[in-house]
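What follows is one chain in structure tokens, specifically the form predicted alone.
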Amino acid sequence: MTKEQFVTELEKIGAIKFGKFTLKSGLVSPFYIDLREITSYPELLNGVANLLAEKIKDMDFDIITGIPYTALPIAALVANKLQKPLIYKRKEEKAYGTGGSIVGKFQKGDKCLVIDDLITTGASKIETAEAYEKAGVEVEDFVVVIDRSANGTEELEQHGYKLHSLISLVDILQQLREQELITAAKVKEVEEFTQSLNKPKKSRQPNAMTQKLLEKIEEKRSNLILSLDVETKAEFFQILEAAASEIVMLKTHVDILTDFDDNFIAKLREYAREYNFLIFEDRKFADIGNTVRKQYRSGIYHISNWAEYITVHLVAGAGILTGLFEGLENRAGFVLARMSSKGNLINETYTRRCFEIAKKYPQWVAGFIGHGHSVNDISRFKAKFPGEQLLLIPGVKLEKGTDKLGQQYITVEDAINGGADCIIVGRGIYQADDVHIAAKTYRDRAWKAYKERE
């Protein structure tokens, strides 16, 4: 099978489509290429495996992998043809048996060639490479069946990887046009869309509560959030007195106070006015809409009366946002799209669903809370936000590390350089010998990195 024959067969089975298609990113594309169903066409699957095997046979690698799911059967065939070992990474780490996320035998230092079906942007490829590199496998080359990107080669090169493709989008459009299967106008539309992926995104107007925090950040010249997780009012206000001048927002866990009473809220609001900070109750609402409405607006805490922001898990679906915020003004949530604790169960699929829901309810989502293990990881995470939401990063200390309960920490500068708008710091401040000096140190370092990033 030739590359031209392969494209013709793809068109015949409907793997190349033209119309309006919503991509993972939320963008609406005038075309869609779906190679998943070629596994049901043995000759076609074998044909593309032969083409790939011929292309890569002289490259330097020890093992082969395919990115699940579409590329995995293709990679398996290629590995068999070249008599190379195949490994692959599970989408979710196995929770039983020996655990682990990489299946197959390999040695540390092995060079792994990565096969995928398509490239639109390099983000998922880089994430794959980093996962293998973390396990001790070297990745230098990616091979894709179809390159439909605007600058995939350059994007991967910036991270030290080489991209090789069997067929480009230009090849496909040219062949289909020659066969009069698409119009010249459709070719132009596809080309313009592809090139638009390279252009900077137009900023969407932040919602009112996002804007409120942004303005407070600039007004106070601080992007430090203090997480004050102590159990008595006396300790709470003693620490707050020392740190309040340095913070833009206070994150509370009101339900862990052992001596809570109505006077606590009145005093907290006085401090917020005097020291010019916002209040953020880290309640982590996660139930059905009817239940969270009562938790938020009633009970002994009446959180909606005094906290401008709260945290929300979207595990219950979009109805939780309606239950919490419908009918209220000047209130919004930060969605937990990632967590900083080791072994947490939030995966990429869940994170993506959080973004999809937030896109539908922008008036109630001020931003996201998420962690990352590096500047690049955080940057890729924030690039997927559906609008101008803010990123708050917990698990920040002056030095990297992990505590005995599995909390993972990154540095102030890594968090901000990755794209954090605010850092959330708890024990690094309130357990310090001098709370004010610790808060000032975090504030100064975070603000300096924030302004340098601009």
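Note that the structure is a prediction, hence the values are computed from the model and not measured. Numbers follow the displayed sequence, beginning with 1.
What follows is about the form predicted together with 5-bromo-uridine-5'-monophosphate (5BU), which we do not show.
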property	result
Triplet A307, I310 and L390 all within 4.5 Å of 5-bromo-uridine-5'-monophosphate (5BU) in the predicted bound form via a heavy atom	no
Segment assignment from 39-47, 63-71, 390-398, 412-420: heavy atom within 4.5 Å of 5-bromo-uridine-5'-monophosphate (5BU) in the predicted bound form	390-398
Candidate from A318, I87, M339, A123 lying within 4.5 Å of 5-bromo-uridine-5'-monophosphate (5BU) in the predicted bound form - any heavy atom	M339
Residue (of R221, K284, H302, R177) lying close to 5-bromo-uridine-5'-monophosphate (5BU) in the predicted bound form, criterion heavy atoms within 4.5 Å	K284
4.5 angstroms heavy atom contact with 5-bromo-uridine-5'-monophosphate (5BU) in the predicted bound form for H253	yes
is_contact(I424, 5-bromo-uridine-5'-monophosphate (5BU)) in the predicted bound form, heavy atom dist at most 4.5 Å	yes
Contact of S227 with 5-bromo-uridine-5'-monophosphate (5BU) in the predicted bound form (heavy atom, 4.5 Å)	yes
is_contact(I378, 5-bromo-uridine-5'-monophosphate (5BU)) in the predicted bound form, heavy atom dist at most 4.5 Å	no
